[in-house]
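Only one chain comes next, encoded as structure tokens, the form predicted on its own.
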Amino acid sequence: MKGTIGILGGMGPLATADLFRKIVLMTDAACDSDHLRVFIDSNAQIPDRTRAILEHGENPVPQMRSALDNLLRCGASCIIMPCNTAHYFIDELRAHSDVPFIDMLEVTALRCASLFPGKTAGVWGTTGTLKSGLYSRALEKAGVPYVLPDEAGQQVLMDLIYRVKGGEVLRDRAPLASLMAGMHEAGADYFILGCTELPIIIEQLCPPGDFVDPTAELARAAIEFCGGRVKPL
């Protein structure tokens, strides 16, 4: 019997929908019944993770645990979170559950090592994700060289991320193009979309370049964990 996926979502809702869409599209299925069962708790009331990490904002863990409890009651075989920054709190959540969490950053780092051996990743993400060292630790463990945005580039990312969270459809590619050019000069060969709004931004702006999408890597890992088949590329 195949396993079931529990999505601890709402961080944000569009990113949660993007993960579910990718699970469906990436599953090698000939009919409805070939797909995996997926439970989703999209709790948009979970407090901002970056503010909690950097500004002593409201602790998101109680709301995250409430959503986790719902998924456990549903019978999820594994838990995934479509929010890179939320993985700062993953150990607290794992302590509350016997069901495995699949770490988005770990599977992304391993994918980078496989797809781009010896090449340097440019890491994009929220300020909370990057300043907390979440990706730095995961990439160093996987032996992946990387560069981070400078302060101006990070501000560009945060502006784009929060505009998408606010429902805006982006059309001006210039800020992102400038960021990419600067990071290419700093040594980046490709880019990790280390915030779950970033794949949506890339879909809207369609910049040229090579990207690794952690949302897609999380979908791939969850499908395989639960005994499903991933469509060949």
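Heads up: residue numbers just count along the shown sequence, starting at 1. Think of the rigid core as the biggest set of C-alphas that the two forms share within 1.5 Å after superposition. Note that the structure is a prediction, hence the values are computed from the model and not measured.
Note that the form predicted together with a further copy of the same chain isn't included here; everything after this is about it.
For a further copy of the same chain in the predicted complex, the listed stretch (52 to 60, 180 to 188, 204 to 212, 34 to 42) containing residues with heavy atoms inside 4.5 Å is 34 to 42. Of the listed positions (Val147, Met158, Ala142, Cys74), a single one reaches within 4.5 angstroms of a further copy of the same chain by any non-hydrogen atom in the predicted complex, namely Cys74. Contact with a further copy of the same chain in the predicted complex, defined as a heavy atom within 4.5 Å, is made by none of Thr126, Lys131 and Leu176. a further copy of the same chain is not shown here, but in the predicted complex it comes within 4.5 Å of a heavy atom of Phe20. Using a 4.5 angstroms threshold between heavy atoms, Ala219 stays clear of a further copy of the same chain in the predicted complex.
Interface residue remark: Leu198 is not counted as part of the site for a further copy of the same chain in the predicted complex, having no heavy atom within 4.5 Å. Using a 4.5 Å cutoff between non-hydrogen atoms, Ile192 does not count as a contact of a further copy of the same chain in the predicted complex. Along 11 to 31, a non-hydrogen atom within 4.5 Å of a further copy of the same chain in the predicted complex is carried by Met11, Gly12, Pro13, Leu14, Thr16, Ala17, Phe20, Arg21, Val24, Leu25, in order along the sequence.
Gln204 shows a C-alpha shift of 2 Å or greater between the shown form and the other one [criterion: core-superposed Cα displacement of 2 Å].
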